[in-house]
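To begin, one chain is listed below as C-alpha cells, in the form predicted on its own.
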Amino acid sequence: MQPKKKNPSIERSFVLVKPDGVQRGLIGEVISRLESRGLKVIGLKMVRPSLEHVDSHYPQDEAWIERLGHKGFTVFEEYGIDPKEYMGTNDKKEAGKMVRKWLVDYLTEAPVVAMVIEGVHAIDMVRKIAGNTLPSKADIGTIRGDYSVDSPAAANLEGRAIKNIMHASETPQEAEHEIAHWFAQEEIFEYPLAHHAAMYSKL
C-alpha cells in the first residue's frame, strides 16, 4: 500500500500579532478568526524581539525598500501633500529606508505573538482574513477592517509605521524565511484536527 500523498494545496504561513494587537487584547480574536476558518495553529509564542531580530525579519533588497517609498509617495499624492515637506526627500529609496526604520521600531515597542499557520491555501486565506494592509481600505469583516482605523497618510505625517494589528506572509518564499527566522523546528507541531475529516475527506 502506497503512503497517502500530501495535499499540495496545504501550505504554511507566518502570522505576527503586532504590538498594537497585543496591547489592545486582540490576540484571541486573531487566533479565533484563523481557527474558525479551518486553519491550524502549529506554532505559537509571545516574544519581545530584539532590534537585530526584527531588522532581519524585513527584506533589505533595494527593490523592496524602493517599493515602500513608492507606497508612501502614492498616499501623499492622493492627499495633495508634498513628500519633501514631511519626509525631507523626493527620492523613493531614501523614503523607503525611513519607512523600513519605522517598521522595525514599531515591532520592538512591545511584545508580539508569532504563529505558524497551516491549512489549504493558508497564505492567501490568512491574508484574506487579515484584510488590506492599509486599515482605512480594509473591508468590514476582516480583522483590520473591524479593529483598525489607521491610515498611511496619518502615519507618514507623524513619522511612524501604520498600526495594522498583524502581519501575514505574502508569498511561499516569504513564509519559509519568516517561519525559519522566528521558530526552531522543535517549536512547530503536527497534530490532527477532528473537523478536517468533515471539511476535506472524500465521503
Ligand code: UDP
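Sequential numbering from 1, following the sequence displayed. Computed from a predicted model, the values in this text were never measured in an experiment.
What comes next is about the form predicted in complex with this ligand, which does not appear here.
Novice: Classify Ile162 as contacting or not contacting this ligand in the model of the complex by the rule of any non-hydrogen atom within 4.5 angstroms, answering yes or no.
Specialist: Answer yes; at least one heavy atom of Ile162 falls within 4.5 Å of this ligand in the model of the complex.
Novice: According to a 4.5 angstroms non-hydrogen atom cut-off, is Ile143 in contact with this ligand in the model of the complex?
Specialist: So Ile143 does not count as contacting this ligand.
Novice: Is there a heavy atom of Lys71 no more than 4.5 Å from a heavy atom of this ligand in the model of the complex?
Specialist: Result yes; Lys71 sits at the interface with this ligand in the model of the complex.
Novice: Hey, in the model of the complex, does Thr133 get a heavy atom within 4.5 angstroms of this ligand?
Specialist: Output for Thr133 is yes: heavy atoms within 4.5 Å of this ligand.
Novice: Answer with one of Ala122, Met115, Val112, Val99: the residue that has a non-hydrogen atom within 4.5 Å of this ligand in the model of the complex.
Specialist: Going through each option in turn, the one that passes is Val99.
Novice: Within 4.5 Å of this ligand in the model of the complex, counting any non-hydrogen atom, which residues from 98-116 show up?
Specialist: Sequence-ordered list: Val99, Leu103, Tyr106.
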